[in-house]
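As a starting point, one isolated chain is supplied in structure tokens, in the form predicted on its own.
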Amino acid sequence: MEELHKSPAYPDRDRLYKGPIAIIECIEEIPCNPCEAACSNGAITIGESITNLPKMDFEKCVACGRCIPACPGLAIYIKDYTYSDTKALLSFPYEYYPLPEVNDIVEAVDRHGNTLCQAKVIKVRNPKSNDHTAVVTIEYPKEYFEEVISIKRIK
């Protein structure tokens, strides 16, 4: 987890709790730059070498989510601590079938797949332009804000 927090694409604690923000969990220097091309605001930069880690300009990020399905490593998601008084919001890539449906109650998990809490699906976007990477949005209790990053696969 410490390695993620040192990444140039991971927001500091103040920014993380300020409102919706894209988080890129890319910590390996591999040849990849679709996130940079997907960001029309120029918030994500890779630079001259395609193996650079992505850098995020958090002032330019509007949490539009176009970068989420663009990432072949499924390493980008959006979090919003300010969604409501009791719930946080998470939008993340989901490449399994069946897809969850709006209003489904699902198990929210940490990065190790451990169930942390129940969550409610509030949006599922899977346009053809996403190339089979759906973007699922869930709401879940704020006390799990930092730990939740996905859901258990729907059976």
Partner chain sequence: MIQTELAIVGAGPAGLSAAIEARRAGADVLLIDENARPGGQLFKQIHKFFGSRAHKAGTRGINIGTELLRESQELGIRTCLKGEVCGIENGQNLWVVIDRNRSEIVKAKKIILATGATENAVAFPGWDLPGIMGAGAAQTMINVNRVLPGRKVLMLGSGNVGVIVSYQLLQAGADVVAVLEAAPKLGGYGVHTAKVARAGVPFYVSHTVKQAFGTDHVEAVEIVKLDASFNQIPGTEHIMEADTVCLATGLTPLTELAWLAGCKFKYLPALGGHLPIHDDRMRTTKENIFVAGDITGIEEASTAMEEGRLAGINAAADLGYISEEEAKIRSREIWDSLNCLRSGYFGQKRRESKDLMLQTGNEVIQWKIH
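Everything quoted here is computed from the prediction, not taken from an experiment. Numbering follows the first chain given and starts at 1.
The next section is about a form of this same protein that is not shown, the form predicted together with its partner chain.
Between 45-53, 116-124, 58-66, 83-91, the stretch whose residues reach within 4.5 angstroms of its partner chain in the predicted complex through a non-hydrogen atom is 45-53. The candidate spot formed by E25, A37 and R153 is fully in contact with its partner chain in the predicted complex: every one of the three has a heavy atom within 4.5 Å. Put simply, R13 is far from its partner chain in the predicted complex: not one heavy atom of it is within 4.5 Å. The shortest heavy atom separation between V102 and its partner chain in the predicted complex exceeds 4.5 Å. Taking the partner from elsewhere, V106 is found to have every heavy atom lying beyond 4.5 Å of its partner chain in the predicted complex. Taking non-hydrogen atoms only, N41 never approaches its partner chain to within 4.5 angstroms in the predicted complex. Contact residues in stretch 122-155 (any heavy atom within 4.5 Å of its partner chain, taken in the predicted complex) are N130, D131, H132, T133, I149, S150, R153, K155.
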